[in-house]
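One chain follows as structure tokens, the form predicted on its own.
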């Protein structure tokens, strides 16, 4: 066993231990397990929310996109920073309402606001469908990181099995408490690793960051600018817009909001989180450095640029630390995803169908659903192919369809009713599914339109469909019910 592998497993054991220990002295009922008894202060909320940035997608995909795509990769930095700014106004009213009504999941919020358990089932279904491919991504990334960092001494399949078992056990035992403590370890690790790599590698190979960019531009003059078509400025703006709206619609991110101690936690974090996001620049620097140093990585192999460059640059003990940081980028969001998916299925689907189930029984069901979701995700991680890529691309666009119904529910009296919210979400999600499965874009439907229109993210179209249907159904149903009440009052019969 090489030193890199020993270091990776040492951090796995440390994260496992911290997750188990986090639940000591706590009555792990549903509220403690899912939202930490609503007792987390600024630091833990910061770690949980910030932890959603640094997943295996960012660790591998951020550098990979910089390596393969160039300038368009900066959309990641833009949408995350803007989402944090919006959270200053968006999250406090959500937290206040959730605390007053003792809500523990995203679906709970929609059920309570619109007084519709059926809408809650739809929201839960959208959330779980979007979560599964995201969880598969974490497990697959975990396998790649550990396998590469261990110099191939452990296979991706074995790495995935070990990670799944560890995260499943500590999620079942400690819930969000384990995720928060592991996030603390992860964020310390990722800060030092990412900043070190982003500064050391450009200086080591090029003598500085500016010379690195000059070398990349000399080899491919158009690589550091947006193309006129495809991933153009139009694509960039529309993609940032769609992903900003969807950022807090992921059910695990939405649910982490409920765990705050008070509303000021979000306002304080809004100040620091955009600055924390700047660490992504160092991830991009690694990808740009690798372009000329690890040439020839095509397609999905571009995601290996950070690891391949590290392997040819550093001693095994340094590679082990990098691999350990990558391991934690999978475990923290993976634990949140598992816990959230289990909570949604237990509380917002099962309990609706079996309303007499006690809260204690729901808590037990949620915990035992964790290994079920783990095994489903593990199956797809081991055997999934292109279909998973399709589902992953659908994920963000799917959860974004929840944003209009959320936004219009924030006033004391929602601007739309439950029928409009349900129909809008359903039509938006159906549009996303259709255009993704059949690979429909604005360019394929209107090939002669200007590039500024053709390059728009198709998610914008789904949102427009969502909004039109939502307001139309709300208008029609409100008028029908008003007419029904008027008719009933005229005839002297009770109203429906």
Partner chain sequence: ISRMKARDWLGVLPFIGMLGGIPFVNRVEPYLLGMPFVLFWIVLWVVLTSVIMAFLNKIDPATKEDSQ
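Positions refer to the first chain, counted from 1. The structure displayed is predicted, hence computed values, not measured ones.
Below, we turn to the form predicted together with its partner chain, even though it does not appear here.
For the residues 155, 264, 358, 115, the 4.5 Å heavy atom test against its partner chain in the predicted complex is passed only by 264. With the partner removed from view, the residue among 85, 188, 354, 375 that has a non-hydrogen atom within 4.5 Å of its partner chain in the predicted complex turns out to be 85. Here the chain stands alone, but in the predicted complex its contact with its partner chain, taken as any heavy atom within 4.5 Å, falls in 88-96 among 313-321, 297-305, 421-429, 88-96. With a 4.5 Å cutoff on heavy atoms, residue 277 counts as touching its partner chain in the predicted complex.
In the predicted complex, its partner chain lies within 4.5 Å of some heavy atom of residue 214. For residue 210, a non-hydrogen atom is located within 4.5 Å of its partner chain in the predicted complex, even though that partner is not displayed. Put simply, residue 240 is close to its partner chain in the predicted complex: some heavy atom of it is within 4.5 Å.
With respect to its partner chain in the predicted complex, the three residues 81, 224 and 271 uniformly fall within 4.5 angstroms at the level of their nearest heavy atom.
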